[in-house]
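Here you get one chain, nothing else, as structure tokens; it is the form predicted alone.
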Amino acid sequence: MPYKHFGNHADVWKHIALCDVLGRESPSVYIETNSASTTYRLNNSPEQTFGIYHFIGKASRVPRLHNTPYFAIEHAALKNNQYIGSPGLAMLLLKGTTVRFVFFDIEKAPLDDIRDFAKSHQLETKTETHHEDSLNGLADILPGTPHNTFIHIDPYFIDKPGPDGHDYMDLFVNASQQGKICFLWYGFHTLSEKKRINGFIRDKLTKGSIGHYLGVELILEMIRPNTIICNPGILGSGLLTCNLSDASNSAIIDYSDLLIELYKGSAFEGFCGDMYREFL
């Protein structure tokens, strides 16, 4: 099913952190497990108004945000009513340094879009697409990649096992154990769901002996224990990383602070749009 929540507030959080980290780490290989498309047509939905439009409008007055590559790329795209997704952001930011881009998706259309985007930016010889579930295909690729390989893991369900019984946290742990740079996004709609997912993540990290990681969550204050009073796309989301530099981890924390401040006093469909942060 085509991705429909592009440009929401969780995309802003995920993508501003991703862009900064990619610039700092300069990986020689970039892999994305659930790519979707490079470019989306904005339609001024409530999610987008609360997300990218709110960010661009407010961040223009915050130098720390205004001067980011993410702001520059999305501000330019916004003039054409477009939003640039993570494959496009990665290729634009890393085209001068990364020698290999690898994109997985179970949908064919996003991969066609990625190939067209790569060709238009003279990156077709560096870009490969895989029309398959990355839980299966990535296991064959990982062992042959260098340590500074960057793996962007972005499934909708991190705990849903594939045909062989493994899930995306297993992939995160396996790649982390191999020394790869791992960047995983996950979301939740209620506090009970958050509690379940947090327990699932901690259990996988403990069993895999992954001790040095960073987990940062941004949560809307409108979230409830078991009910969803409105839906801006997602009510809480986290970034889980491993093998990043200290500077990259610090930057992620800084962006969470900045976004909390940026959303103070905001609203989504009449509900408080303020956010708070928790560490995993």
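The numbering used is simple: start at 1 and walk along the sequence shown. None of these values were measured; they are calculated from a predicted model.
Form predicted together with a small molecule: not shown, discussed below.
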| item | value |
| --- | --- |
| Partner-proximal stretch of 119 to 127, 147 to 155, 174 to 182, 201 to 209 relative to the small molecule in the predicted bound form, 4.5 angstroms, heavy atom | 147 to 155 |
| Residue contact check: Tyr168 to the small molecule in the predicted bound form, 4.5 Å heavy atom | yes |
| The small molecule contact at Ile106 in the predicted bound form, heavy atom, 4.5 Å | yes |
| Distance check, Thr68 to the small molecule in the predicted bound form, heavy atom within 4.5 Å | no |
| Heavy atom of Asp133 within 4.5 Å of the small molecule in the predicted bound form | yes |
